[in-house]
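One chain comes next, on its own, written as structure tokens: the form predicted on its own.
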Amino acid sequence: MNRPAANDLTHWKPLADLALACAPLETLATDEQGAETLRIDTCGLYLDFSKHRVNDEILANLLALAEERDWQRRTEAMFAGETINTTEQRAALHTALRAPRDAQPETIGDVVHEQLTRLNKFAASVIEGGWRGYTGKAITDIVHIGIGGSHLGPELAVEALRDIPSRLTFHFVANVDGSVLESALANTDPETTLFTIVSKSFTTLETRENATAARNWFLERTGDADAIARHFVAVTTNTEAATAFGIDRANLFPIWDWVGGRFSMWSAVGLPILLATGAKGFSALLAGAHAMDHHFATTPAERNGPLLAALLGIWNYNFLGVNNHAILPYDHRLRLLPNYLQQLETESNGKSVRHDGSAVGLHTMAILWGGEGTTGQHAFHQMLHQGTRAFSADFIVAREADHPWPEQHRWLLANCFSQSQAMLLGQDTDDPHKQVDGGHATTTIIMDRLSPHTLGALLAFYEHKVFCQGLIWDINSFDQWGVELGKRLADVIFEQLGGATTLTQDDSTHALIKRARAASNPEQS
């Protein structure tokens, strides 16, 4: 279907005009009645969009953009399993991974809950000590090997939910830098370590190299290839490669082509989460995500949290000149959230062409970065308050603490709210060195408390935000072809670093290769 470019939509030009005439941010924020429409309480999350530079007219035009893009019908298409990933001719059915059995799309039947039953049985045997290593000892350590979507979600969730008691210790390996694997294995015992390898293709460079190195480490210490069956499991579609690696077919869990990597933590990819939180915790995570799915699919546009977040992002990025977006979790357990959202948002929507291959013709996803509060206040917040770059920000905090120091939590909340207030109002002073202009748009998300349910809802909220922004820009949020170029170039350079005599690189890369080779073999320089 041919669709107009975003800036050819009927309501795009009126929004551009409104941006030029828009009142200062602090003026709009003091309109309490209007601001209250931008506060939404759902799924254990309080979503406060009131510190954005919008009024009723702007909001109405933004909502009209979504209607022009037929967001409700296209949302239904995603949930039903239609082929919305047009460049790979696939569905994007991550929502089915957390839907109850009676709400599964007909196109996939019962495969999700059949796998979940099997995963729960396997995880219970590890957690309870029934699954034994090759010498009969219970598993104590989990080393998870993956990268990108096979890594970021599971690590985030395991770190965020560490308050749930577990006798297992978790280690995550993604980077091909050998020091990461070395650190993970430093205090592990091969007799009590279980490796979970996640790679859809089982050929991803970083995962392949780290998994091979881990297997070599294991075999050097055990001298028993048969023992691999008790210590290695895999999540993959390439069962032949996994079994050739030495993994028993009984220890393989499939992942389907309708599950994109960065949307996959709800599947068998989330096995470390299941091992860390147990069936009850993982079920609550899925339930929280499903609750947000239901909110997104059934709530009118003007009260729809993910849709409003997406439209306000469009407003900031495309009309107000905001070129970067900060994620500021005020919870140590969520310190990996900026890393996770960097992939989810920028890999999904960092695109320059539309579904039909034509140029988008305007900016898409802003640069996304961030860091943990309150430590960030003593580092990069100086730039946010008095720097020259336009930005927007999300503050995320839990209303209730899970530790016995209430005064510290009150200070955490005070700092979170005061920072967003300072970004809104700034500070007028006769001393230019102390002047803070303010006027920066921020969203504050308050979780009732950080739990599996609210974490699931939070991450699903961001997933649907990404989807909606992709609709407005008319881009495919579910592919990542730009990642492939660097991989192909690395294959050639890897051989050249190993001594291949023909260097066909540009002069700069040629010099870098020669310098690196000289360190290990002066004769090759």
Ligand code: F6P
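Worth saying up front: this structure is predicted, and the values here are computed from it rather than measured. Start at 1 with the first residue shown and count on from there.
Omitted from view is the form predicted in complex with ligand F6P, to which the following refers.
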- Query: Is ligand F6P in the predicted complex near all of Ile147, Ser201 and Thr204, within 4.5 Å of a heavy atom of each?
  - Reply: yes
- Query: Using heavy atoms and a 4.5 Å limit, would one call Asn415 a contact residue for ligand F6P in the predicted complex?
  - Reply: no
- Query: Quick one: does Leu485 come within 4.5 Å of ligand F6P in the predicted complex, counting heavy atoms only?
  - Reply: no
- Task: Report whether the minimum heavy atom distance between Glu347 and ligand F6P in the predicted complex is within 4.5 Å.
- Result: yes
- Are any of the heavy atoms in Gly261 no more than 4.5 Å from a heavy atom of ligand F6P in the predicted complex? yes
- Taking ligand F6P in the predicted complex as the reference, which of Gln343, Thr222, Thr374, Thr299 has a non-hydrogen atom within 4.5 Å? Gln343
- Among Gln496, Gln480, Gln469, Asn61, which has at least one heavy atom within 4.5 Å of ligand F6P in the predicted complex? Gln480
- Item | Listed range touching ligand F6P, judged in the predicted complex by heavy atoms within 4.5 Å, from 211-219, 192-200, 125-133, 321-329 | 192-200
